[in-house]
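In the form predicted on its own, a lone chain appears below as structure tokens.
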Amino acid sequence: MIELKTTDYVKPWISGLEPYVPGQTRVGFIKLASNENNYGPSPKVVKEVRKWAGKIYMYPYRDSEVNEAVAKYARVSAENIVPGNGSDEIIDIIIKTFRGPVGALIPSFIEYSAFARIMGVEFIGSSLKDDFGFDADKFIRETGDANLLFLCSPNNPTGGVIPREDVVKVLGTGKIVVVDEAYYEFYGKSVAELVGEYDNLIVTRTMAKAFGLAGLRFGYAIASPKIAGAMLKVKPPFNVSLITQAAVIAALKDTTYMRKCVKRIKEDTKLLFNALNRKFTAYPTESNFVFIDTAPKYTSKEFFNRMLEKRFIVRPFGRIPGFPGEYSRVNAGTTEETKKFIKALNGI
């Protein structure tokens, strides 16, 4: 047997990386940790998935149909669309396609820094303000050496948004600017139409959240044909499965269902925010989740465990470099789940 010395073959920077750890899922517990739509997808999607299940011997072939459906929903042209296996893969494709270093906010979606480091690309972080607000001038200054910039609006995990005028200011640097709009449907505002004015803008979105397709993995980028064309050279073939293609097309034919879910979730997020803010410090949100500081009453781990005892799963973040608190994130579930959580919260 040949004993492999991995250090001789693994890229040297890989040893220092930590794998991504998703929010826990446990049978019999209510999960409010991963910002999912607990109402699930449209029944029409489920019906379509069952219909196509017998055809999984075929390679996915409905790319054009998917791109046209997504483009119609996003109010752009099909040539502006790049489909992906979740928005995570879209981020991966972007970092593979464009030169680093990569610049992004702290705190923000961890995959920006993770994918950069996996590829050995320098990552430059710029902290949000003390109240987790965005300072465009500070961000531009502190990421001055980066060539690829990521903004997340609404921001994960804080829930805050970046004003359109600040996005335009960052676009003015002439660098590739990615605006992650994973929670667009909850916020209702987008900068996607600026793609026609700015060749350096990429907007990323997902159908994991509002559309309830997290388990099927579908995300997409909206960009100028020039940018999209470069990304399509990097995108793996057949990266969106046949079943996922069927689900995406069906979901986009039933946006009425999605909007009903979003309306309920937004109402329940307000209830959730008010309940959490009575106990801790809750930060204003335009998403389906609430970011909180549980200090000094609990560490985030203690809060996680207290809610776990009551059969609820939340997302602990702990300490964030540069910020003094103990942070956690809780998303709204169904109305019934959210009310049960609030009742349990009031009991700790």
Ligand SMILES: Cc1ncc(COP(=O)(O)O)c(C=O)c1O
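Computed from a prediction, not measured in an experiment: that's the story for all the values here. Start at 1 and count along the sequence shown; that's the residue number.
Only in words, not in the display: the form predicted in complex with this ligand, which the text now covers.
Although the partner is absent here, residue 200 sits far enough away that none of its heavy atoms falls within 4.5 Å of this ligand in the predicted bound form. Residue contact check for residue 109: one or more of its heavy atoms lie within 4.5 Å of this ligand in the predicted bound form. Among heavy atoms of residue 217, some come within 4.5 Å of this ligand in the predicted bound form. Contact annotation: residue 183 falls within 4.5 Å of this ligand in the predicted bound form, judged by heavy atom distances. Residues within 4.5 angstroms of this ligand in the predicted bound form, judged by any non-hydrogen atom, belong to 81-89 and to none of the other stretches in 81-89, 190-198, 222-230, 123-131. Of the residues given (158, 206, 143, 245), 206 alone sits with a heavy atom within 4.5 Å of this ligand in the predicted bound form. Checking 170, 251, 93, 152 for any heavy atom within 4.5 Å of this ligand in the predicted bound form turns up a single hit: 152.
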